[in-house]
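This document opens with one chain alone, in structure tokens, the form predicted on its own.
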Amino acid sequence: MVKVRFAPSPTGFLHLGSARTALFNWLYARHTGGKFLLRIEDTDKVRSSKKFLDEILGDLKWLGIDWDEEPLCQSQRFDVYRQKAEEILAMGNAYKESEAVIFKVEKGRQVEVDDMIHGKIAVNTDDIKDQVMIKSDGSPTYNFACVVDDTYMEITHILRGDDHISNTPKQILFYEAMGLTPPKFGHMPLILGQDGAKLSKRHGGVSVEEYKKEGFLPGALANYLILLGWFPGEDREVLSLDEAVKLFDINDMSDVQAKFDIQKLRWLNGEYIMKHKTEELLPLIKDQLLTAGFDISGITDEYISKLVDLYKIRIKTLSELGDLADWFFRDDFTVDEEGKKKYLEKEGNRENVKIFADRLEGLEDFSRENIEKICREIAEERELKAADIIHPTRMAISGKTRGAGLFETMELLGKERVIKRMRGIHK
């Protein structure tokens, strides 16, 4: 049975690169009917925190990743690491310096790795110095603890980033010293920014938490991260985790570095927003509005749902709705000054809006159909294009030059507020 693991350190938020590593390990386990395990690498007791651990586990669940068995915590296994180091010491393969236990690296030989992604990798032990297993403070080193724990957890395959390639030969030496067969290794190229540099803050958010807060959907983020290193074939780009599990083949993973493209992620997120049912988006949208400082206490779910229906094809993240549709929630909405000058200062436009407002006053059924009918009648009477009325009216009621269909938004905003705003431009 395939057994893989994801081993986060609870010293910070879940990085996008780490999330991608978790996703690929999870996909491989689920595709093969194997097990996906978690190991918490919390040997750094000073920097490790339960807050970060809870955040990481929460973000994994948010992305759709589940795990088999209880997570293993390295901080609870210091005695095990010490015992294994003492065994290697007793075999004559290590030596002590004060309280530290150091592994003796045999020189003049090749350590070969048949990497599942890159192919054969060979390293000469002349380039590897003696390896500390237990530090003088009694804590284990990363490479040694990894080998002890991967053995205990019966890990068969290790999928991780390219930044671990230099660790793999060192770990293989530990496996050999303990008379064990190493698992199979696969190293994924790192995620880079568009400029080819290592992904960092200047390229945008680097943690899952940041994208979560900005209003990206978990399915979209997981989908995008999977595409950074694996090609599902047939030019498919939008696929659920269930579909990815069925299609996944580790042989199709790329051995070249992937570039993170925020615009591609935004496009993909927009696709997911459009496909989601409004009732699924409603609680998420409400959270975003509250976070942005909107008072929605007196606003019905029906009103917000209708608004979501109007804008879900226009937004790329859930947080954008507040900026685009602030005028549905408050009268002191932001105004595009250039648009105001273009559409409301033009000769005749204010008069057209006033006439439109006067005609709307007499409407008993304030429906989009009736609103549009009146608009087009006025345009015909005054020998204008409908746009000559639509653009200044949109500016008057929303402060924006663009948005959802004008007549639909006027219906939702309501007769009283619409007419008040249309007439307000004359003050």
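Just count from 1 along the sequence shown to find any residue number. Computed from a prediction, not measured in an experiment: that's the story for all the values here.
The following text describes the form predicted together with the RNA, which does not appear among the structures shown.
J.: With the partner left out here, if you bring back the RNA in the predicted complex, are Y142, G196 and G229 all within 4.5 Å of it by some heavy atom?
T.: Yes, the whole trio is in contact, each within 4.5 Å by some heavy atom.
J.: Of these, 384-392, 27-35, 62-70, 356-364, which stretch puts a heavy atom within 4.5 angstroms of the RNA in the predicted complex?
T.: Of the options, only 384-392 has residues within 4.5 Å of the partner.
J.: Although the partner isn't part of this model, could you tell me whether K264 comes within 4.5 Å of the RNA in the predicted complex, counting any heavy atom of the residue?
T.: Answer yes; at least one heavy atom of K264 falls within 4.5 Å of the RNA in the predicted complex.
J.: With a cut-off of 4.5 Å between heavy atoms, is L413 one of the residues that contacts the RNA in the predicted complex?
T.: It does not: once the RNA is placed as it appears in the predicted complex, L413 has no heavy atom within 4.5 Å of it.
J.: Please run the contact check for D163 against the RNA in the predicted complex: heavy atoms, 4.5 angstroms, yes or no?
T.: Heavy-atom contact with the RNA at 4.5 Å: present for D163.
J.: Test of understanding: in the predicted complex, would D44 fall inside 4.5 Å of the RNA by heavy atoms?
T.: Yes, D44 sits close enough to the RNA in the predicted complex that at least one of its heavy atoms falls within 4.5 Å.
J.: Among E106, D114, E280, D255, which has any heavy atom within 4.5 Å of the RNA in the predicted complex?
T.: Residue within 4.5 Å of the partner: D255.
J.: Note which of L180, I296, M91, I121 lies within 4.5 Å of the RNA in the predicted complex, where distance is taken over heavy atoms; exactly one does.
T.: Residue within 4.5 Å of the partner: I121.
J.: Using a 4.5 Å heavy atom cutoff, which residues in 372-406 contact the RNA in the predicted complex? It's fine if the answer is none.
T.: Residues within 4.5 Å: R376, I390, H391, R394, T401, R402, G403, A404, G405, L406.
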